[in-house]
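Taking the form predicted on its own, here's one chain by itself in structure tokens.
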């Protein structure tokens, strides 16, 4: 058999083996791996990929992409929340105070999961208790569902007697100025851990 045919056969075998190995890596350890896909599916989307609009506490209609250009902190909660929400907003207030003038370059969004009771007016009154950089957001039930889907937030109404409360994801989402997800600050995470996560978003 001519040498050139042997070379072609050898190259073909080498290519086939390389392709097989690459496909195996893709499926087992690479982006195509089931565990990696499952893990990434739970992460919030980049802001630029979200498609929703909300009403802020001043009555202005705001789209997700309006937050691009500055780092962003997002927390979902509701004004009737007895403990987790006021505690988290107080923690956020402390973090922002630690950042000093850098706070001017951060958007902070408190998004209700209880739009039935949390009107723009109610949100405006509620956030007066916390740092002035925090803005409240509400909207229709569908608006809130669309926003929650982008951030992969879960929430549900729990009826208790004649009234109800809300269960919801309690972490604070941290994004950089380009709308890329940076980190989550867990409920009651220490200021020593939380503030560096925010600074990382400011520096990117």
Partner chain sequence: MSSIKFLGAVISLTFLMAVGFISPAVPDTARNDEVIVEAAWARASIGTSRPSAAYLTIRNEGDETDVLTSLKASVSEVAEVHAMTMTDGVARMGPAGAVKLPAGHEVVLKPGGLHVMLMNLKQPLKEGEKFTLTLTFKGAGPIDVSVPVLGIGASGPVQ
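Residue numbers count along the first chain shown, from 1. Predicted model only: the values in this text are computed from it and were never measured.
Beyond what is shown, the protein has a form predicted in complex with the partner chain; the following relates to that form.
Margin query: Does any part of residue 79 reach within 4.5 Å of the partner chain in the predicted bound form? Heavy atoms only, please.
Written below: Contact check for residue 79: yes, within 4.5 Å of the partner chain in the predicted bound form.
Notebook entry, point to check: Given that the partner is absent here, does residue 57 sit within 4.5 Å of the partner chain in the predicted bound form, heavy atoms only?
Noted result: It does not: once the partner chain is placed as it appears in the predicted bound form, residue 57 has no heavy atom within 4.5 Å of it.
Check: According to a 4.5 angstroms non-hydrogen atom cut-off, is residue 142 in contact with the partner chain in the predicted bound form?
Finding: Close contact is absent here: in the predicted bound form, residue 142 is far from the partner chain, nothing within 4.5 Å, heavy atoms only.
Margin query: I'd like to check something about residue 188: if you look in the predicted bound form, is any of its heavy atoms closer than or equal to 4.5 Å to a heavy atom of the partner chain?
Written below: Output for residue 188 is yes: heavy atoms within 4.5 Å of the partner chain.
Note to self: On the criterion of a non-hydrogen atom at 4.5 angstroms or closer, are 86, 125 and 167 all touching the partner chain in the predicted bound form?
What the structure shows: Checked in the predicted bound form: all three residues contact the partner chain.
Item checked: Answer range among 132-140, 61-69, 43-51, 150-158 for contact with the partner chain, defined in the predicted bound form as heavy atoms within 4.5 Å -> It is the stretch 150-158.
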